[in-house]
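The chain that follows stands alone, in the form predicted alone, written as C-alpha cells.
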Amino acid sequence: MQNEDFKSSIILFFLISFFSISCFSQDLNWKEIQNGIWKASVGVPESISLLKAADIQPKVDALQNLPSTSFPFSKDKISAEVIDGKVYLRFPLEREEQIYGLGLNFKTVQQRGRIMQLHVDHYGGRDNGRTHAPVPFYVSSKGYGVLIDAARYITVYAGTAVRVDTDDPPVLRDRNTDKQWKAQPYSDAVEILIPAQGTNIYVYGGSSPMEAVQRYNLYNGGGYIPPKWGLGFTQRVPTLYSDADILKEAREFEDHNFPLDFIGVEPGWQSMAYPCTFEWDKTRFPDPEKFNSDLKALGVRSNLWLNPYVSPIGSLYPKLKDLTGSHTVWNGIVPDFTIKETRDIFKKHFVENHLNFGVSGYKIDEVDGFDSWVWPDIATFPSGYSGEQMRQVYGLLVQDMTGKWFKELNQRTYGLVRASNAGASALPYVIYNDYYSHRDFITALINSSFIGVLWTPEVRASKSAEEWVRRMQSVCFSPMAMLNAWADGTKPWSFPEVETAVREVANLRMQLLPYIYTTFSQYHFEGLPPFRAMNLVEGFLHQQKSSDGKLESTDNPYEIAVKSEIKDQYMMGDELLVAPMFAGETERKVILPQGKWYDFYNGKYVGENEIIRVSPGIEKIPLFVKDGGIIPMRPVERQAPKVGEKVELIIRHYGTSNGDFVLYDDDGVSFDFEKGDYSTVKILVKKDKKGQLKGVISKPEKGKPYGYHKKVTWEFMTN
C-alpha cells in the first residue's frame, strides 16, 4: 500500500512539474453568459477571484433590456497561452482606438501606450498601476470592455509591445535622419501577463463605451443607491474628540446654518487603534448607545473609523488568533475574511456593539498599502490563499462583509474605503486617500466612471480662502460631500471671507438631492455611472474624427481634446456638465458636446459643439445644462428628508427644446426598493400651440413611497 502511495506521489510530482514549466496555446471557448457579455477560461482559474470576493449578483433583467450586440473582435485575433505557470493574453487594437480604465488613475485618462502593474496600494503619485482600485478592466473607444478576473498583480502592456508576427507593424524609421522616429513604436495590441495557472476573462460588448460600462456595472449587481442621508454633507472630526465634543460640533453646524447629515468618528472612539480593539473607549464614550441616540436627535448619524487589524488587548483577539495571517500589521493580527467563521465572529461583535447602538456606517482605512507596513507577499493565510491574492481582494472582502450586516437589518449604509477592485459597483463605499492634489482628484473622479467605483475629492485643508472654496465646490459635486478634518479640525467656515460661498454650494448640493438621487438610481437599474467621463457621453470624443489641420471651433472642436485628454470636466447624471475651477484660475475652457448648452445659474445660452471660456468668479463652480434639460430640485434644507417627509418639488427646464425626465424616489433608507417599493414619475416639458413651454408631471403610483408634494413649482430658466 505504501509502495502504491509512493508511485502515485511520484506521478503527481511529475505532472505538476510538467504543468508548471509547460508552454501551451489555448483556443478560447467564448460563451455568451448574459446579453452582450462573453466569458472564456484559460488554463485552470484559481478558486479565489475579484468577482468572487465581491460576491456579485448580476442584474439579469436589466442586462436583457440593453440592445443585443455582437462579439467585438475576430476571435482568432485573441491569443491565450500558459507559459511556466503564467497566463499570457493578447487582444487586438486598431489605429485611432483609445483605451480607458485600468484602475483608479489620478493623472491620465487615456491609457493606450502605458505599461501598468495592477497592484492594490496607496497611490504614490504615478499612474503605474499601484493604486487604491487597480481594476483590471479596460474600455475601448470602439465600444467594448475587457475584464481579467484574477486576484493577482497583473501586468498590462496597453499598446506598447510590438510582436515580430504583428498584423500591423510600425513604420521602420531611421533615427539618424527621420524626425518622426519614436522610442515607442506603434503597437496594435493589449498584452496582459497574469502570474497564475489560469484565469477567467470577460468581454462586454456595446455600441458605445457607455454601453460596455453599463454591462460591466450591471453584471456586477448594478450600482449602489446610497441612503438619502448619505448624499448630504459629512464632517469627519479630529481623532481624539469625545462624545461631548462631537455633539458640540453638530450643534455648531446648526448654529452656522450649514448642512450636516452624518459625522465621521475617527480612531479615538476605540480603546486602542493601530491595531484596533473595535471597543468603545470608556473615557471618551462612556455611553455609546446614548451618544448615537443624542446625535440622531439632531438629525445626524455616526460613521466609525477602523482598520481591520486586531489588537492583542481586544476581546476579539483570542477568538480570531487561529483565523489570521502569518504576519502582523502594527502588531495586530490580520483576519482571514475568506473564512466564514472569521466573518461570523466579526459580525457578532460589530452588530452587538455598533449597529445595535445606532452606528450607521464605517470608514475602512489602511487596507491598501504601503509595502513597508502591510503584510508582505510572503505571508500565508489559513485559507491557503497567498499574501498577493489577499492584497488584491482584502478591500472587497471587508466592503462586502460590512455591507451585508446592514442589509440583513434592511438598512442602507454609506461609507469610505481605501482599497477596492473589480466587482465593487454594488458595494456601499466611496474610495478616498491621503494624496491631496485638487486637479488629480478630479481626474480620479473622471476615471472612476470607467471601472465601477466611486471616488470623493475630499477637503482637508487649504493654503488660501480661494483654494478652500474651490475644493469645497468640487466635493459638493461628487459621490460624497466630505470635509475630512481628522488631523487639523477645520470647519466649513474656517475661512470666514468665503463662508457664504461655501454655504451656498453646500446648499445647492442639498437642493439637487432629487436630481442626484435619481442619478444614483440610474446607476443601480441601468448601470449608468452617476459621475461620467466626457468620453462616455453621447455626442462627444469617441464619435468625433479629428481634423488633419488646426482646430476649427465650429466644425471640429475636438482636435485639442484628442491630443490633451479631458480630465478636468465631467457629467453629473444625464443633464449637468461640471467644470471645476482651481486656485489661481480666473477663467477656464470648457469643451461642450454636440447640441446647445445653457448656464445652470441663469439659463443663458453659452454655446453648441464648441470650446468656450468662462469666468465665473470665486462664488460659483461652472455648471451647464443641455438643451431641453430638466433638473428636479427642492428648497434649501440643512438635511436630507426623513422617512415619510414630503418636500416641495421645484422643476427647472433649460433651453428651448422639449424635455423629459423620470424622477425616482423611495423611502430613502431601506432596501424595500429591491422588492419594487419605489416610485417613478414622468416629467415632460412641451411647447403648446402658441409655442410656449409647458410642464406636466405624472402621478406616483398609490401605496408607493413618494416624498414630494402634489403642487410643483416650474422654473423655465431660458427666456
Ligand code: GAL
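Predicted, not measured: the structure shown is a model, and the values here were computed from it. Start at 1 and count along the sequence shown; that's the residue number.
Not on display, but discussed next: the form predicted together with this ligand.
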Exercise. Does any heavy atom of Pro267 come within 4.5 Å of a heavy atom of this ligand in the predicted bound form?
Worked result: yes
Exercise. Is Phe337 a contact residue for this ligand in the predicted bound form, using a 4.5 Å heavy atom cut-off?
Worked result: no
Exercise. Does any heavy atom of Asn484 come within 4.5 Å of a heavy atom of this ligand in the predicted bound form?
Worked result: yes
Exercise. Heavy atoms within 4.5 Å of this ligand in the predicted bound form: does Asp599 have any?
Worked result: no
Problem set entry | Interface segment, criterion being heavy atoms within 4.5 Å of this ligand in the predicted bound form, picked from 252-260, 365-373, 150-158, 295-303 | 365-373
Exercise. Only one of Lys491, Lys319, Arg460, Lys589 has a non-hydrogen atom within 4.5 angstroms of this ligand in the predicted bound form; which is it?
Worked result: Arg460
For this session: May I ask you to choose, among Tyr309, Trp468, Tyr432, Tyr241, the residue with a heavy atom within 4.5 Å of this ligand in the predicted bound form?
Result: Tyr432
Exercise. For 195-217: residues with a non-hydrogen atom within 4.5 angstroms of this ligand in the predicted bound form?
Worked result: none
